[in-house]
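One chain comes next, on its own, written as structure tokens: the form predicted alone.
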């Protein structure tokens, strides 16, 4: 035990450097996922245009059917090879996780908006609220409560999925751990550390999601 703690302490700067990379990618992807997913979800819930709905469904299916790992390869290897773009591993990861997260978030937003009774819309219009006022004052405050559990659960999935970035050369906490293992020949200590680290990052969010779901239900 003491040996393991000493090993981790000696390599703490490297592990922290990798952790910041992991959290940075997760934070950026979460931000863009929420913004993009909210816009797409509201569009799917309110626009009845057949072309718009078909395009949205096609986008969602692409990220449901094709694995995220394949998308990482596409953005990191295929896109630069087919164009003059220079895409770093970090940019490829943030782009893929954001597009995937937005597709997942749009379902959460759309589902939350669809659960608001039509009577709420009718009552808002009856008292003279504009479309913007109706959504900001009546619909969204109720919908956000319904979105929170699913949105928090999505954040935990994004954090866990960041472990894939090592495939496209990003030096995250997983890559740093592999580098330390190659030098120290201590795989058990480092992989146990990764297990505990991701558990510590994701478990509180998972519990919060379940508590909010029970509370709002």
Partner chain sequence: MTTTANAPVLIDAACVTKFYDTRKALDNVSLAIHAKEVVVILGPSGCGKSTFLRCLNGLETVQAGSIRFHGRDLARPGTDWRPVRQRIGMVFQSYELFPHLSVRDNLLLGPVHVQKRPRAEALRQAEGLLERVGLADRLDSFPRQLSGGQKQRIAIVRALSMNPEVMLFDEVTAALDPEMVREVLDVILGLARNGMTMVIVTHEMGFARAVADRIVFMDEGRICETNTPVKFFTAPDTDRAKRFLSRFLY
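Please read all numbers here as calculations on a predicted model, not as lab measurements. Residue numbers count along the first chain shown, from 1.
Separately, the form predicted in complex with its partner chain exists; it is not shown, and the next lines address it.
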Answer with one of 88, 133, 115, 83: the residue that has a non-hydrogen atom within 4.5 Å of its partner chain in the predicted complex. 133
Closest heavy atom of residue 74 to its partner chain in the predicted complex, within 4.5 Å or not? no
At the 4.5 Å heavy atom threshold, is residue 95 in contact with its partner chain in the predicted complex? no
Does the 4.5 Å heavy atom contact test between residue 124 and its partner chain in the predicted complex come out positive? yes
Is the gap between residue 138 and its partner chain in the predicted complex 4.5 Å or less for some heavy atom pair? yes
